[in-house]
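So this first bit is one chain, no partners, the form predicted alone, shown in structure tokens.
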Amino acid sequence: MASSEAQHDSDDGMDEFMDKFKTQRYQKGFSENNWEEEFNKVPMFMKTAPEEIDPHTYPELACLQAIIHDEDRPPEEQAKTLKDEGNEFFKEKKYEKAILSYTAGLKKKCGDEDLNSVLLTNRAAAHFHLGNMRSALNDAAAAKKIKPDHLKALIRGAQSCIELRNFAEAIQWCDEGLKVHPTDKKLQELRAAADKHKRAAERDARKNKIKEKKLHGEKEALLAAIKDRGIKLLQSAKPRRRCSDSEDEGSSAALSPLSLDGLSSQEVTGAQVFLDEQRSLHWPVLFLYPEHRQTDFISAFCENNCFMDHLAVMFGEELPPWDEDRKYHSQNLQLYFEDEEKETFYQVNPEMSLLKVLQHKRFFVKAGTPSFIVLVKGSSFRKQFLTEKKIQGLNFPLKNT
């Protein structure tokens, strides 16, 4: 009887509770506007897991996480759970998070060697997809140490070695794998690829060695040619000190030893002196026109050519656009080179060869590029430019010898 009354009271209470919905809406339920958002907070209906699990926002998910990561469970069980978690991250291509999960599983130090080797190979795969080839190789090696016949570890180790261009080591990984998995097609393909790359790398190395030997011979011949001609190179990086006129040019601290380091032109063209088949030197030469702040660059001025050969072409029938006064005719031009150490300008006869000028005792090749100043004979600018400057002529005959 008492039970019947209790049931009756309960039913009456439920009826009263349900009757409320006829007159007012349930305030704590899902609304038409937020039901999808609320459903996404329930683990069973979630489309994607949140990056960070806030217990206040996702209480159910926080409870499940606490159960999964319960420290009271055996290490093997915890490690397996973390492996599965890492696999889910891996499937979603969240390789960084997968690595964290696999690492956490390894830190459990469970006694299951199969599980530990799987954690290592899986972490190696995640590292591989991130481009961390050295880390992938280390994990594959650690897995192979636990289980020498682990196929995935052997494959991942060989792949990592190929990416690191350690082709001989990749072949060694494949050979070890094929001893225990002789019919595995992946290992066979990797070995064939590694062997092909190894032979190509060895061939390229032989070619490079031959090329380097040839370049070295050419450099030695070039330096010998410069030295035989008595041409002097200048170290422009070091400040030059003044010296007396009687001081021999060989004692200048600015002279650089004969090496190709000082022979690369600093111009945009990057041209450099070279020795042709007839054993003639060709120099990059710079002409400066201070009156108009202009320059000309000849990338290969043969040492046997005279300056007039080039001036006649550069200032022939068609004069440069910046010569508005039309006065830069080849026969009106004067050439000079500057000896900064002695603060002297040397006038160059245009009929001289480049070699004769380069052999002058006070000419120093700076930055691998001989340079000359060009002025117009009798011009007001020339007079002003050379004011208070020491001028000397070259002690060479006017014609080539």
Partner chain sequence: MLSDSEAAELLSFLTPDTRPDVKGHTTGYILGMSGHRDGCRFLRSKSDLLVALFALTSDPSIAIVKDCYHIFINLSADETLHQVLLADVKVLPVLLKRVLDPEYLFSDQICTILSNLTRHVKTCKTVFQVLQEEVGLAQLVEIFCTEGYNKKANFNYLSPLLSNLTQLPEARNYIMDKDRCVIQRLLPFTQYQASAVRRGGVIGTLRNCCFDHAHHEWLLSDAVDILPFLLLPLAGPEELTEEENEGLPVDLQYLPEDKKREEDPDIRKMLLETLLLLTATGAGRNTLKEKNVYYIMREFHRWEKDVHVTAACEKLVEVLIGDEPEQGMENLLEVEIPEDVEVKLKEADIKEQQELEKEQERMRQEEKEEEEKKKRDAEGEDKEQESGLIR
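Numbering follows the first chain given and starts at 1. Everything quoted here is computed from the prediction, not taken from an experiment.
Not pictured, yet referred to below: the form predicted in complex with the partner chain.
Position in contact with the partner chain when the complex is considered in the predicted complex, options G230, P321, P182, G131, heavy atoms within 4.5 Å: By the 4.5 Å criterion, the partner-contacting residue is P182.
Contact assignment for the partner chain in the predicted complex, among K109, R293, K91, R203, heavy atom within 4.5 Å: When the partner chain is considered in the predicted complex, the option within 4.5 Å is R203.
4.5 Å heavy atom contact with the partner chain in the predicted complex for all of D175, R191 and K207: Yes, because D175, R191 and K207 each have a heavy atom that approaches the partner chain to within 4.5 Å in the predicted complex.
Partner proximity in the predicted complex: K196 to the partner chain, non-hydrogen atom cutoff 4.5 Å: Heavy-atom contact with the partner chain at 4.5 Å: present for K196.
Non-hydrogen atom contact R326 with the partner chain in the predicted complex at 4.5 angstroms: Because no heavy atom of R326 falls inside 4.5 Å of the partner chain in the predicted complex, the answer is no.
Proximity of K213 to the partner chain in the predicted complex, heavy atoms at 4.5 Å: Because a heavy atom of K213 falls inside 4.5 Å of the partner chain in the predicted complex, the answer is yes.
Segment assignment from 135 to 143, 150 to 158, 183 to 191, 109 to 117: heavy atom within 4.5 Å of the partner chain in the predicted complex: Among the listed stretches, the partner-contacting one is 183 to 191.
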